[in-house]
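One chain follows as structure tokens, the form predicted alone.
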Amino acid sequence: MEALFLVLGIPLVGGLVLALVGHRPYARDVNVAFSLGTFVAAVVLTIEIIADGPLFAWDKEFFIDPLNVFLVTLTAFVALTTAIFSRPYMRLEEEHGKMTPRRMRLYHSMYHFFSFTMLLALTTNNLGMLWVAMEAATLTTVLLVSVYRTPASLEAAWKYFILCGVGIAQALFGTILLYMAAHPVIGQGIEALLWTNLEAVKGQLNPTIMSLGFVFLLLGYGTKVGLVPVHNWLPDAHAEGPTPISAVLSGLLLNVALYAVIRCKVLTDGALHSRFAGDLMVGFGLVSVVAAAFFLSRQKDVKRMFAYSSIEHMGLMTFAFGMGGPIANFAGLLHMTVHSLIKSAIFFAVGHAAQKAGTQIMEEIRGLLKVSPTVGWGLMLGALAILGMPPFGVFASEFLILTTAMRDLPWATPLLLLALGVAFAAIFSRVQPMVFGDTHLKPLAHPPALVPVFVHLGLGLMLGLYIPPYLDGWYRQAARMIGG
């Protein structure tokens, strides 16, 4: 319980402290220190859950189990590496005049409030509090996306706010319907919104209300996941916000929203005893994969291109969890992990490349190997990893998803293969000249701090070759809990 208190308390205190001193020169180090504290607390919490099993806290308002504990650690880890990356990156943004002291204070404080809301969403047992945390995450990221105060960033923030506001309203209605289904079985009060209580009586929940509720929950939280056709906010938010925010949006927030959908799917499956929820997820996931793959070929902005890549991969995860079963669920969880690591690493490399070139337009970014070999190789290896080249972990998870689809949904396999092929061609054809093309830019005097890039890529490579026993055990336990 103490570890959980620290996991939630450290980023909350960090946000309050940095709201006061976030504009100071030492604020970047304070930002890293609070992120490190959160990660250490998350590791301790994970060790406790591995040793003692699921944990309740604060009168069952919080619940940690094998499904969410490693997501908590993954969230804290990526938040830490992103904070490390943002130290030199945001310093240069300040030197270039894009960040004022007031904006730096807003950026640092909202960064930790954003981490707090994601960790709250992952650890709460209350589906009402889950909705509140997701709404709070929306509000904090709106401020982060618009922090540059350019017309394009303000437009992206407003689009994000409006579309996700509509989506989160649908999720609220779905949560109300869940309460309606639980009320006759559990009774009035907050007990009817606790996920563990609902899971215990899911077979007695009204199937009609549950099916309707899941439709609204999938559309609502699916907006935050970035599923087509409610994805329009995502490319703009990624392209116009600071690169560290693009990394945590793509690597973390999308995972948390999909986690909310998975929790709701477990309840719906138990109430309906049918594939209704899974079929909906398969449909939305497949449409997202195919549509995003073809949108990729039309992009000129490098961050928008990788934003559409995130839509593609979130669609693939949704498709996997929709199929259900131990192998597909295992593959979906593995894909959540490696996508978070690889995509955030790509945004780190892209951020330095765009900062050096002074633009995010891919045709104007050339010869990264000559400008900075570490940036060039980081981007090239990251692109190959996210495209599913072996032996990276994305290859392993995509292979499991495709082979399961061949067995269970053979009609969908050609569509998946077509989408993955189009995505490979679109991304590789644009990244290759960015890395190996000719350039007139001078090499960087000092190599940028890209330790987070190669740490993430190294972990992504390891998960393609070897999954540690603790992590393998988590995948298996969580896959069984999701069922389907």
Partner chain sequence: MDALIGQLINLFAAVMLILAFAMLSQRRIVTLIHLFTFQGLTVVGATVVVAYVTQQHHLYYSAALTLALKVALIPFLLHRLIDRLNVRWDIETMLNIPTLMLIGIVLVVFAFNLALPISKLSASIARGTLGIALACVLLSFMMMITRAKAVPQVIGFLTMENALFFAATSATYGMPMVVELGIALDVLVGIFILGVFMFQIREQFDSLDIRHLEKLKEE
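Keep in mind the model is a prediction, meaning the values are calculated, not measured. Positions refer to the first chain, counted from 1.
Beyond what is shown, the protein has a form predicted together with its partner chain; the following relates to that form.
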{"query": "Contact at Leu143, Ser146 and Val166 by its partner chain in the predicted complex, all three, heavy atom at most 4.5 Å", "finding": "yes"}
{"query": "Listed range touching its partner chain, judged in the predicted complex by heavy atoms within 4.5 Å, from 278-286, 152-160, 261-269, 378-386", "finding": "152-160"}
{"query": "Contact assignment for its partner chain in the predicted complex, among Leu172, Leu369, Ala291, Ile186, heavy atom within 4.5 Å", "finding": "Leu172"}
{"query": "Sole residue of Lys300, Arg407, His273, Arg91 within 4.5 Å of its partner chain in the predicted complex, by heavy atom", "finding": "Lys300"}
{"query": "4.5 angstroms heavy atom contact with its partner chain in the predicted complex for Arg304", "finding": "yes"}
{"query": "Partner proximity in the predicted complex: Thr208 to its partner chain, non-hydrogen atom cutoff 4.5 Å", "finding": "yes"}
{"query": "Contact flag, Gly325 vs its partner chain in the predicted complex, heavy atom cut 4.5 Å", "finding": "no"}
{"query": "Touches its partner chain in the predicted complex: Asp236 (any heavy atom, 4.5 Å)", "finding": "yes"}
{"query": "Interface residues of 116-142 toward its partner chain, as seen in the predicted complex [heavy atoms, 4.5 Å]", "finding": "Asn126, Gly128, Met129, Trp131, Val132, Glu135, Ala136, Leu139, Val142"}
